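Below are two forms of the same protein chain, given as structure tokens: structure 1, then structure 2.
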Structure 1
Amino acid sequence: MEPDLKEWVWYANLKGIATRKKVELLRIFDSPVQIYNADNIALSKTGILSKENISAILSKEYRDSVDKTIEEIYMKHIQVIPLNSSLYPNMLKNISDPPICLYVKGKLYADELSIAVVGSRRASGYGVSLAKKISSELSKFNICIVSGMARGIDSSAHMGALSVNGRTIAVLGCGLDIVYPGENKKLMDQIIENGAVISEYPPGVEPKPHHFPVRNRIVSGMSVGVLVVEAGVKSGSLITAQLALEQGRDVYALPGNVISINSQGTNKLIQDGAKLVLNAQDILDELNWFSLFDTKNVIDLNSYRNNRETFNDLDRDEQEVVELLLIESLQIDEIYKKLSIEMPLLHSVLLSLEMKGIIKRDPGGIYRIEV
């Protein structure tokens, strides 16, 4: 344990003082130890603290509770990385309001090229598939995928990275001892194994609605750019995109169907000047990644199956179905009506295509081309 860890945790836990002010105070005092030991006069001399701020700093309550937090951190095998640590991510250090302490499970590196992949919790099959695909491709170039481990796009982004054993970081809006949403327990374990789960909240803090917008600044702050895969008009991902702009990060957005609720936010982002991204290569181009590696040998990034040559090995019925689905996603009944394939045979054609991984059946029985 570092000698001043207790003071760092205490300082991070102080309530009622904005993070920005805490950072400013740290510049004046050098370290939390000095703030811990400062008296009323020294604190008021700084001229930036209100009466309430000072009484919070001097209050016995916070000083007493810090031991319990420290104990919990040890019991739950959580690592604390304070702002001055050499492990603290450099990108994050440079934003205007970096977390005073990061609680970490897994491995965190100070210098790591990361891209945030975020999006709607109620994602469509299209969004889920593309979040997975683009994340996994970026991972193959040793780019770390940062997201929020929420349902929908966030989870898919993590899964995409994990599927190729890439590094991925989840930023939570609650203490690290709480799994939220609960169904992501297994995913969280895998992320810890292959990357890190981090939070600015000490163990035991419940997920509260107002934590998530605050958490989003860490997601964008850690990354060089933020890819919004799907977002509705009021989606929290748009907050992340806004924060990313304020922090000087790139914002990428995946275009979608104009009518789809899930793409209204992303299409608007593009209209407002976000970089339109069709595949992982577009992001790599933006990062000038090609100057470092010869990517052509690694994977073909333009591998969407939307040209007919890809389907030459399919039989005639299968090709007909695929050509229909390339235009739009359809229910089995609509396919039946447009083609002259009998219902029993159509079932078998669809199953065969699905097993080949060419199409996918979404909830509601809608078939679409798998990317």
Structure 2
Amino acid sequence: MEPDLKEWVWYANLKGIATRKKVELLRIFDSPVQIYNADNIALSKTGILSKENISAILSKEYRDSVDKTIEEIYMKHIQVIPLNSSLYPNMLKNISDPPICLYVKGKLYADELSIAVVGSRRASGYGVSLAKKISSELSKFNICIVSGMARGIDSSAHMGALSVNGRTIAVLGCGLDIVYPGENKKLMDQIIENGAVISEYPPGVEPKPHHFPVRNRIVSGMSVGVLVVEAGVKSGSLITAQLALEQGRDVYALPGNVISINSQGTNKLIQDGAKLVLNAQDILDELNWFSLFDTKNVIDLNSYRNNRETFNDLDRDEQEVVELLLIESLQIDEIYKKLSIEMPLLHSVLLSLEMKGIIKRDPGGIYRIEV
């Protein structure tokens, strides 16, 4: 066990303290270990904690119960990724209230390029079909599909990614030792095999109605954009869309029959300014990424190496990345440190170069020149 993992799990599971306040407190004390060891005076001096907050931090009950939680985590083969881990998703880390700990089954990468696909639990055949189709098209180009493993659109999005052996991540509103809904046991196993199932709730936490709006911030927070396929006017998917806007993410919506209950929410999103989406290409075009299906622009690498005119077809940022990767294969964080390119733009540049056949992303998130 990592030296401070116990304190991270303890801190994550403290009740009555808002996640945003926990994040702010970490900026003051640097680590949960320091918070764990702080006394009443030190905690009071922060000026951000109520008496109830301080009581929770000093509570013997929470300190005693963490050992049992850690034991369950190991018994049930669950990985814990705290906020300071190099495996913690970069996009999620930068929202205002990131989970203090993520509980994970499967593989999680810090630099994963992801799109969230969400929608109604009572999905129509139209919605199910389009969710699968768009998710599978995006997955073919190493875009991870994030959703909530609920019935309907969420499950269809995961299935679409899995149908082409793509990566997909399910964010649960309960502990990872609980399959919810129960009929998704096989799907959950497949997601773990091809991606990850994650939660901010420790083992044993049952799914409760108020958990799902809270977990939706993770679905949107991990993604560069959120596609709402079908949603009624009171759908939880609209909460995800609103959270996405607050987090600075793009929102896309699939239009539907104007008299269909399932389309009222998505059509309203489009009225309010969401990008109308008919296929995966529309999402990529909106983000100014390279065209998925325009094969005439695919660069032959041998021609590139032997003909500098091909290099001139790349923009300046693409040229810088290619020149760097010709020297050595690197992860995205390493590229970011070596080049003066902002992370959102770097994601776009790397995807563009992948589409052109110049670079490839290997397991573990390492980018290399494609040979």
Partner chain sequence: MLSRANSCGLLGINGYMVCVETDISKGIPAFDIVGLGDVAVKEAKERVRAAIRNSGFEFPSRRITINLAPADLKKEGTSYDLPIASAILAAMGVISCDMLSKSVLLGELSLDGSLRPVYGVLPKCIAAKEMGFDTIFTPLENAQEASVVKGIKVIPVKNLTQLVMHFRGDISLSHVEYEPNNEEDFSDEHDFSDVKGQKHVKRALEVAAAGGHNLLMIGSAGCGKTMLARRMPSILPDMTFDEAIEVTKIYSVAGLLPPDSSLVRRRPFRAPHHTISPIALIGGGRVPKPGEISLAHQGVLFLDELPEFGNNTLEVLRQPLEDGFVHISRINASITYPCNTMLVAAANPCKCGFYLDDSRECTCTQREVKNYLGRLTGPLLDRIDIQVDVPSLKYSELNSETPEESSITIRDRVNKAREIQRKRFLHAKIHCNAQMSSPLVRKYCHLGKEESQLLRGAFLSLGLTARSHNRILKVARTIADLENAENINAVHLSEAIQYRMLDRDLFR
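Remember, predicted model here, so these are calculated numbers, not experimental data. Structure 1's sequence is the ruler for residue numbers, which start at 1. Note that the rigid core is defined as the largest set of C-alphas that superpose within 1.5 Å between two forms.
Peer 1: Go through 1 and 2 and tell me the one that is the form predicted in complex with the partner chain.
Peer 2: Only structure 1 matches the form predicted in complex with the partner chain.
Peer 1: Comparing between structures 1 and 2 on the rigid core: C-alpha of Asp333 shifted by 2 Å or more?
Peer 2: Yes.
Peer 1: Return yes or no for Leu351: a CA shift of at least 2 Å between structures 1 and 2, with the rigid core superposed?
Peer 2: Yes: Leu351 shifts by at least 2 Å between structures 1 and 2.
Peer 1: Please determine whether the C-alpha atom of Asp30 is displaced by 2 Å or more between structures 1 and 2 following superposition on the rigid core.
Peer 2: Moves: no, less than 2 Å.
Peer 1: For Glu342, give the CA shift between structures 1 and 2 in Å, the superposition being done on the rigid core.
Peer 2: So the C-alpha of Glu342 has moved 64.6 Å between structures 1 and 2.
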